[in-house]
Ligand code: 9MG
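Before any questions on binding or motion, here is one chain by itself as structure tokens, the form predicted on its own.
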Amino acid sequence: MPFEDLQILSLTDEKEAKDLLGSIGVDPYGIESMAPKMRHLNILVKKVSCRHGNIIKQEMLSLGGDAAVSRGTVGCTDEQTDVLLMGTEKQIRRFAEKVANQPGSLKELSFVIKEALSRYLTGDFLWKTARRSLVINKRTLIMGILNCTPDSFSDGGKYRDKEKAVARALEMMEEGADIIDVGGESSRPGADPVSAEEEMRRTIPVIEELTRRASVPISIDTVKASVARAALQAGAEIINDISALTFDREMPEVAAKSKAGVVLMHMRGEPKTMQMGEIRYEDVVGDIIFYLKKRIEAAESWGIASEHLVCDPGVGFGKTVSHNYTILKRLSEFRVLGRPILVGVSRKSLIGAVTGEGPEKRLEGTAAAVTAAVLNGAAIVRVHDVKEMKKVVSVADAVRYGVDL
């Protein structure tokens, strides 16, 4: 039977498209011209006027794409509509060029689409810390968790002793950790806050020792400016702030002056209350992206350059189990932020909800969640079990980026 070797292809990035065109023998000019036609995009634009909604739909149709609008848009019985642009990358870019000549909000939409595409299609990242620059390119970085606390949900109390904490950090480094994240205050659901003095007592001696002995960057997991300042003076390079610089008004200044790397995380409320009451989002992924976009803008307004920022959707922080899995499934959408995405799923309750096991028995579930995160676009994964997750990430990276042995 002829054509029995027909295939329906799944092309996830421009390189795959160009490699396929090259294998067919397309000339270089043709490859550059055709590759954008092979990537299909869906772009949601909210709260567009009825008149502009109709213009957008007609322009997209004229380019061979389409745009979905509300039923009442054509007759303008609806004042506003959300618009879903559907087309190839080339069609979307041509649309943006066409409406750039339109007055008012359509001209602004052209600019926003071009900026969003530029961020979304970014492949390589440079993450600047207080002491170095980390190149994130075709390899997912591993952040090892070091909880110097008595009450963390998984390993609370194991590393309260300085010598044990330092030994564990050095062990994680040997196992393949690219970053060591030191925390002195539990952020598990329902956790009580501790004083800055107690947090520093738990973490600063460990950071000072690690700075002398470790070759990888040290991160301080804190929401307190005084703790971050002391940690940076002790040798830390990164501030991992679960409040995205909102809990302590002095934190932005500490981050800006130190030129530290900063992790901006999304959280509903605070650890003590984040899982209480009804947890609702209009669209969990869209809402988190909007929040993180605003936090990036705020950070930049304080003098923190975007190259110093990483974003974390905050799996487990004020989300239901369903929300958490939706975040993992749609993680690639966070690429629109234009910054590396950090994901922390290690031993968390979303895994236990499926496997029925406690934190100490969630290794295999963590491996599956980490794999999903990597394949859907995570640049950094934050984990307890570095040795095991290093192997998991290596295989997931081979699937995601290919392997050259």
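When you see a residue number, it is the position in the sequence shown, counting from 1. On a predicted model such as this, the values are computed, not experimentally measured, just so you know.
Not pictured, yet referred to below: the form predicted in complex with this ligand.
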{"property": "This ligand contact at residue 187 in the predicted complex, heavy atom, 4.5 Å", "result": "yes"}
{"property": "Heavy atom of residue 315 within 4.5 Å of this ligand in the predicted complex", "result": "yes"}
{"property": "This ligand contact at residue 369 in the predicted complex, heavy atom, 4.5 Å", "result": "no"}
{"property": "This ligand contact in the predicted complex: residue 342, any heavy atom under 4.5 Å", "result": "yes"}
{"property": "Location of this ligand contact in the predicted complex, chosen stretch of 290 to 298, 260 to 268, 193 to 201, 131 to 139 [non-hydrogen atom, 4.5 Å]", "result": "260 to 268"}
{"property": "Contacting member of 73, 324, 149, 240, with respect to this ligand in the predicted complex [4.5 Å, heavy atom]", "result": "240"}
{"property": "This ligand in the predicted complex - contacting residues of 208 to 238, heavy atom within 4.5 Å", "result": "221"}
